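The data below hold one chain only, encoded as C-alpha cells and taken in the form predicted on its own.
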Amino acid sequence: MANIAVLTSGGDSPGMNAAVLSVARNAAYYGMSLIGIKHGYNGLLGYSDNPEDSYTKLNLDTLLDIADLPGTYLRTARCREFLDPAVREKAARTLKQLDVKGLVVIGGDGSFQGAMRLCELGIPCIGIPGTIDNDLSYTEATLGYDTAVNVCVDAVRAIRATSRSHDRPHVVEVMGRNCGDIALTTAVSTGAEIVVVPEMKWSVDEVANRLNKLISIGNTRATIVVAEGCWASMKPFDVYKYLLPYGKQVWENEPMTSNRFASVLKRKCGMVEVRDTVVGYVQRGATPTARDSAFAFEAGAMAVQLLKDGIGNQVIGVKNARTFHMPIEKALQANRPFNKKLYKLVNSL
C-alpha cells in the first residue's frame, strides 16, 4: 500500500493534529505517500475549483510543527450530503483517482458511518475516535476528551474560588450534547455538589430542593455542573411562566438555558444571586494533554500498520488503558451504560 490519505471530520477535538502527525511519521517510516483531505469528507466532493483547496500532499517538513497545536491543520466540517449513496460513490471515485489505497478517518460517530460506507465501496478505512464528548461507547476514551475535561476542571476550580468569596451558587455548563461524561468527570474531579446530564431524567424542583438542602447546612456556594444536552432530559418546566412575574426578559416557548436555570434557582432558593458560566468552545480549542497526545501517537501508528497489512473497516479505541482495534460496524453497535452509581453519589453527598 504505497499511497494513503487522512482526514479530520465532524467537530474538532484536541489531539487531531497529533494524530495526523503520527499517521505521517508512520507512513514515512514504511515508505508510504500521504495525502491530506481538507474539510472532512467535503474535500472529496469537488466543491472547490482549485484541487489544492481540497487535498494536499503531506510530509514531515509540513507537519512537524503542528502536533501540539489546537484545532486541526486539515480543517474539518460536517457533510450531510454524505448520507446520499451517490455522493459516497463520488468520494470513492476521487480517492481511486488519487490512487489512495487506504484512508484514516479521525472523527466521531457520523464520520465512522461514512468510513464504513467507503469500505463497502472498496476503500479500506481505519477510524480514530476524535470527539471531545466521549460518546463512542466501544472505547473508554476518545481523542480530545481528557483535554476537554481538564479545561472544565480548571474553569470550575476558578469559579468555585469566586463562589466561596461571594457565598453564591454557580451553574457551569460544559459540552456534551448526548453524553454526560465531561460533566460527570468534571463534577467528581472538583467536588461539585450537583451534576445534570442528558442520560438521566431530572427536574428543576429536584435540583432546587438539593440546593436548598445544601444552603440549609451552610453551603451557600455550591456548584451545579450541567451538560449542554441536559435540557432535553429535563422534565417539563415553563420557564417563561415562572420568570415573567419577576420581570425577567424571556419569551414564550423559549428553551431552558444555563442563564435562565440560574435565574430560576436564585428565586426558588432565596439567594441574592446565582451566577452561570458556559465553558464553551475553549474545550475544543485547547492544547492536548499528555494523555490525548499519547493516544494520538499510538492510534496513528496502529492505523498505518493496519492499512500496511491490508486490513480495513476497523476503528481504534482504548480498553483497560490499552490501544486496540475492532470492526467499525461492531463498534457502532456497542452500548456502554452511563455510570448511574457515580452520578447519584455526586448528587447525594
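It should be emphasised that the depicted structure is a prediction, and the values quoted were computed from it without experimental measurement. In this text, residue numbers run from 1 along the sequence as written.
Although it is not shown, the form predicted in complex with a small molecule is what the next lines describe.
Give me the residue from R78, K101, R75, R221 that has a heavy atom within 4.5 Å of the small molecule in the predicted complex. The residue in contact is R78.
Though the small molecule is not shown, can you say which of R210, R260, K266, R88 has a heavy atom within 4.5 Å of it in the predicted complex? The residue in contact is R88.
Whether G71 contacts the small molecule in the predicted complex should be assessed with a 4.5 Å heavy atom distance threshold; does it? G71: no, not in contact with the small molecule in the predicted complex.
Does the small molecule get within 4.5 angstroms of any non-hydrogen atom of L83 in the predicted complex? Yes.
My question is simply whether P124 lines the interface with the small molecule in the predicted complex - judged by any non-hydrogen atom within 4.5 Å. Looking in the predicted complex, residue contacts with the small molecule do not include P124, since no heavy atom lies within 4.5 Å.
Evaluate T186 for contact with the small molecule in the predicted complex, applying a 4.5 angstroms cut-off between non-hydrogen atoms, and reply yes or no. Residue-level check for T186: no, no contact with the small molecule.
Which of these stretches, 236-244, 251-259, 109-117, 194-202, has heavy atoms within 4.5 Å of the small molecule in the predicted complex? Of the options given, it is 109-117.
T142, F295 and K330 - do all three of these have some heavy atom no more than 4.5 Å from the small molecule in the predicted complex? No, the whole trio is out of contact, none within 4.5 Å by any heavy atom.
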